[in-house]
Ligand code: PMP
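Encoded as structure tokens, the following chain is the form predicted alone, with no partner shown.
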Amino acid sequence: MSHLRENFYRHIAQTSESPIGLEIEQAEGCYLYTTDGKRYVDLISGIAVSSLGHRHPSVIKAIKDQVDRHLHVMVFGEFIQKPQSEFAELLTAHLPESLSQVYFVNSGTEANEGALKLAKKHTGRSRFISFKNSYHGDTHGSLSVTGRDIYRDPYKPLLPGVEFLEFNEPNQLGSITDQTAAVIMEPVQGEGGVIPADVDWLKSLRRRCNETGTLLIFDEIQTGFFRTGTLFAFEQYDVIPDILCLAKAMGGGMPMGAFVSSPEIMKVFKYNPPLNHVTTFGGHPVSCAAACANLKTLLAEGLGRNAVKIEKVAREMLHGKGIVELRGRGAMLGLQLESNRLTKKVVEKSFHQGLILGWTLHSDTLIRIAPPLVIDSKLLRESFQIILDSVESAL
């Protein structure tokens, strides 16, 4: 065992009995390189983070330029910092007018935590609606609205007043009342099996929220930044949320999250008392500089079109014996196989062929596929062929 590996298992808190355990030496583009000289294709983008691939030149330059100016100088919201202001201006320029103010945080679960608090304070209500099989993060508030008992049970009791409805079930929307502060939902359930919301259902959900004065929170932490083909998934539904939560691909590989809303809603954080929701490192200038360069590049290179092409190639290639279904949108896909045994073997065989895939805890028969949006057609097809060969070999 190498010294690096020994230290990892001795001093790094473990989250499972069997971590993947690759010793990473370098990452570049769509590839990870290990200390033993092997190369792996990252077909999950570090779990939907590295949409521009690893170490994109524009992001690296922005990071280096900002490091030469300053790092952390003050808690979020007190000092005027160019990276924060420039990124917020760019981001909101590509959002509806009602989503014009940004609160920067460090991660997706923090974005959801902030959105829940914002909804409670703005509405004066305390009840929430979420959906079965949803996933919103592992901090206590976010976990409280996560609709998966496997995550929730070890930490109960959680936040009270949360009701879980069936996703895409219109007959249950009457549960949203004038006592509901907010409904929180993913336009495409990720950990829940890569299941897109039904268009008509989501429009009905928006109408019900309007009728009851309930805020609608979209958790676009995975779906955002062209992952599903449009900059944000809500654009495909003609439904605008009251609060939009973002993270993962936002920072171009740097830790970054945000929740976005209107000035009317956001203003409640300013009083009774002032500073009633604060963060030390949210909107870190280096992360904001990276995020701004990341978004500029995504927009300039039209990478939403690439997400659509990735889905097209996947639907063209990923079918046949052992494959039950391919679900999802754009470059956020879930490959359903016919058994747990087959799925486990396919992931393992693909890994030995230098391909890193995701395997969701929601279903041990689902493989998550979320390539970098910059992946070229040749590498994409080669990667999908490895999956097909692995399925054939494992049957």
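Owing to the predicted nature of the structure, the values given are computational and were not obtained by experimental measurement. Start at 1 and count along the sequence shown; that's the residue number.
Omitted from view is the form predicted in complex with the ligand, to which the following refers.
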Contact at 228, 330 and 370 by the ligand in the model of the complex, all three, heavy atom at most 4.5 Å
no
Does residue 137 reach the ligand in the model of the complex, with heavy atoms at most 4.5 Å apart?
yes
Residue 221: touches the ligand in the model of the complex, heavy atom cutoff 4.5 angstroms:
yes
Please check if residue 81 has a heavy atom lying within 4.5 Å of any heavy atom of the ligand in the model of the complex.
no
Can residue 108 be called a contact residue for the ligand in the model of the complex at 4.5 Å between heavy atoms?
yes
Given the stretches 168 to 176, 281 to 289, 319 to 327, 183 to 191, which is the single one in contact with the ligand in the model of the complex, using a heavy atom cutoff of 4.5 Å?
183 to 191
Residue within 4.5 Å of the ligand in the model of the complex by heavy atom, from 261, 130, 214, 112, is 112
Residues within stretch 223 to 256 having a non-hydrogen atom within 4.5 Å of the ligand in the model of the complex
248
